[in-house]
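Just the one chain here, laid out as structure tokens, in the form predicted on its own.
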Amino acid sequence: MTSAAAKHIAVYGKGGIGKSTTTSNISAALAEAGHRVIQIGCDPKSDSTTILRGGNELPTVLDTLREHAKVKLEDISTVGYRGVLCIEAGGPVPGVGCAGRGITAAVELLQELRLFEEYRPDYVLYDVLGDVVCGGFAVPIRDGLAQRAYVVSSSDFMAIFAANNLFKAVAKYAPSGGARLGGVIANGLIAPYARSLVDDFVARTGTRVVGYVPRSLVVSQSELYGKTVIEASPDCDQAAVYRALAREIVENEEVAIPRPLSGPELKAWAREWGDRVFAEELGMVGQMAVI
């Protein structure tokens, strides 16, 4: 199943939010459905594609460029689960240089190698660190490389803060040809108020939630095996959630330019939710005391 032109998708999220796990499972689900997929890890930790390739080593683009004058595609890529082509941009030597430089170097090299023309993917997923959206980290959404961006967020304030920052970047670059927002992937929701909090945030910023991913032990178990949930436990409920996200990306190309909250607006919104959560917790404690 090969489309005429690849669809380039950028997935952002703060470190530790589950962005790479989510992206890899979406890639696996897309490949399982018959699509040709490339996943490019754009996080300096270089662990984006680990569970697509059984945890095996993969030289990063930056490390390979530092060691070799001439680089071939096979030097910096490996074929993972169901044929997903895995590439890791990498980062600078610790303490030296900009962490976003790996993305710029990777994009330039892959274009030079004519990867997209030669490999003819249906989908290219960029897994990008979203704690800061500056320099090289903004390349996928700034330079017209990706048509759509998604952000992985939980109900944690710092995850929401990072999502709001991405909204600012999309709002800045979209009018001049940059990526538009596909939506928010709400990940790892546990607290009873979590879904309502995320729903309120997206409503206030003119965006939408494209999928809710519950926290599940099967994710941790699969990663211990060096696999995606799609590969390790294909019949479980969590695998169905990731397949639904993949279908959303394939079937629904709705995009928007978000309306990010200003700093004071975001703080006021957070305080409002803090009061609501605190009141809810007090109510629960009060009920337990009566019991």
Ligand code: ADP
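Keep in mind that this is a model prediction, so the values were computed, not measured. Sequential numbering from 1, following the sequence displayed.
Omitted here: the form predicted together with this ligand. The next part is about that form.
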query: Single option in D63, E248, E231, E223 placed near this ligand in the model of the complex, where near means a heavy atom within 4.5 Å; finding: E223
query: Sole residue of I185, A163, V84, V219 within 4.5 Å of this ligand in the model of the complex, by heavy atom; finding: V219
query: Q238: touches this ligand in the model of the complex, heavy atom cutoff 4.5 angstroms; finding: yes
query: Close approach of R215 to this ligand in the model of the complex, 4.5 Å, heavy atom; finding: yes
query: is_contact(H68, this ligand) in the model of the complex, heavy atom dist at most 4.5 Å; finding: no
query: This ligand contact in the model of the complex: R259, any heavy atom under 4.5 Å; finding: no
query: This ligand in the model of the complex: contacting segment from 136 to 144, 168 to 176, 207 to 215, 154 to 162, heavy atom within 4.5 Å; finding: 207 to 215
query: Residues in 6 to 34 close to this ligand in the model of the complex, defined by a heavy atom within 4.5 Å, in order; finding: K14, G15, G16, I17, G18, K19, S20, T21
